[in-house]
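Presented below, as structure tokens, is a lone chain in the form predicted alone.
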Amino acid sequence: MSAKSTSMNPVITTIFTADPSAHVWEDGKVYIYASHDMDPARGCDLMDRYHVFSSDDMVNWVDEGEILRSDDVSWGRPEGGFMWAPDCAYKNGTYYFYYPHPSGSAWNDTWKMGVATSRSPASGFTDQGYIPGLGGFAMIDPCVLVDDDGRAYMYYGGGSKCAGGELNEDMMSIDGEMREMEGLEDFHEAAWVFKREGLYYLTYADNLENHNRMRYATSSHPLGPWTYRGIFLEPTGCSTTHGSVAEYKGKWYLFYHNQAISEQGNLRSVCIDELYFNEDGTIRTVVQTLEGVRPVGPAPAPDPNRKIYANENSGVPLRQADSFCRFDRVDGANGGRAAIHVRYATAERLAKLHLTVNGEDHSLLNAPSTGGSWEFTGLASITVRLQPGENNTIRLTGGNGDIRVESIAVSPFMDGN
């Protein structure tokens, strides 16, 4: 992985991601739990296959791989899809992944708050069912705050209603009842709560037609009442807005999404910019940048376990749907997660590659322009699961623009997951 001077925006480009929930865990890394806009999209109904991304410098991001899909949810909507904006919380050695998902075909009337758990922040999650009593019409976008005293609070909302309540110690049931959050002005969806210097902040998307903004309110108590403070993120060019706020290594950041790569509102991409506070605790309007953020640590060292597989036909463009390059005998080490980095060249504004691993469809990978058909500076990266040993086959199919593949690099995760 080469050193970068800034993260650039969007920061995640290989697949379409939205609704980023950012957290800093005890291992010292920052993690993004994002929804995944499946490509090609028909609409938000096809969102599925949650991925997690991590970094220890805010610039170089690692796709930790898929942690949950609708096929893993036994109680969920028979048709699948509808895996919308998630969140994650940590308490007593367990990571709790919260996600909205309908339980029936009548999707907007049957929302529930699913919970999956793991002992690791980005792998090994198993679905545990849903939180009793939560959900119903348009109630989506879970957010969980674990306060300094260990008490945890759940927030969610949609259709202009925001509710909050305290979670029990099991982190999977509500202590008492949820109550409406009072004092919010023009609430639409996308509730996010964080704490700074003893003050609680609730951020959310408003109802501006086709171009939501982000507003916020503050309170001295995690469940309000709230005092409305104003707008701090103007429209991003996307028809939806959803974000989170986190502090990392002394700096505050806003994680949000736009549609800069696809130019389509249902194929979105995560962005990051710095967040600044005034002396009185109010939030300054966030400046949306192309450069993104600067590093807050050293660039990651090269992976000594990475193996590079050259494409003997790298000069042949993949133009047609039946044109492909295949890499056989790819080493998956002990099996499990492995990062795949595709080195490519394209003069297209946005070419795409169809990835298949051992016969399993991994949808489309984005390949933004490198500036020329022979400039092999592009890198599309995604984490998949490989079989143990050299029994793996990786196939890249064209048909979405003129693109040439020079090589792939494969880096197995060494944690056995």
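Numbers for residues come from their place in the sequence shown, where the first is 1. Computed from a predicted structure; not experimentally measured.
The discussion below concerns the form predicted in complex with ligand FUB, not included here.
Heavy atoms of residue 44 reach within 4.5 Å of ligand FUB in the predicted bound form, making it an interface residue.
Proximity of residue 330 to ligand FUB in the predicted bound form falls outside the 4.5 Å heavy atom cutoff. Residue contact check for residue 130: none of its heavy atoms lie within 4.5 Å of ligand FUB in the predicted bound form. Ligand FUB is not drawn, but in the predicted bound form it has a heavy atom within 4.5 Å of residue 242. Screening 162, 113, 190, 318 for any heavy atom within 4.5 Å of ligand FUB in the predicted bound form leaves a single hit, 190. The contact with ligand FUB in the predicted bound form, taken as any heavy atom within 4.5 Å, belongs to 84 out of 84, 216, 248, 125. Considering ligand FUB in the predicted bound form, the lone stretch of 309-317, 91-99, 137-145, 283-291 in range is 137-145 [heavy atom distance within 4.5 Å]. Residues of 331-351 are not found to place any heavy atom within 4.5 Å of ligand FUB in the predicted bound form.
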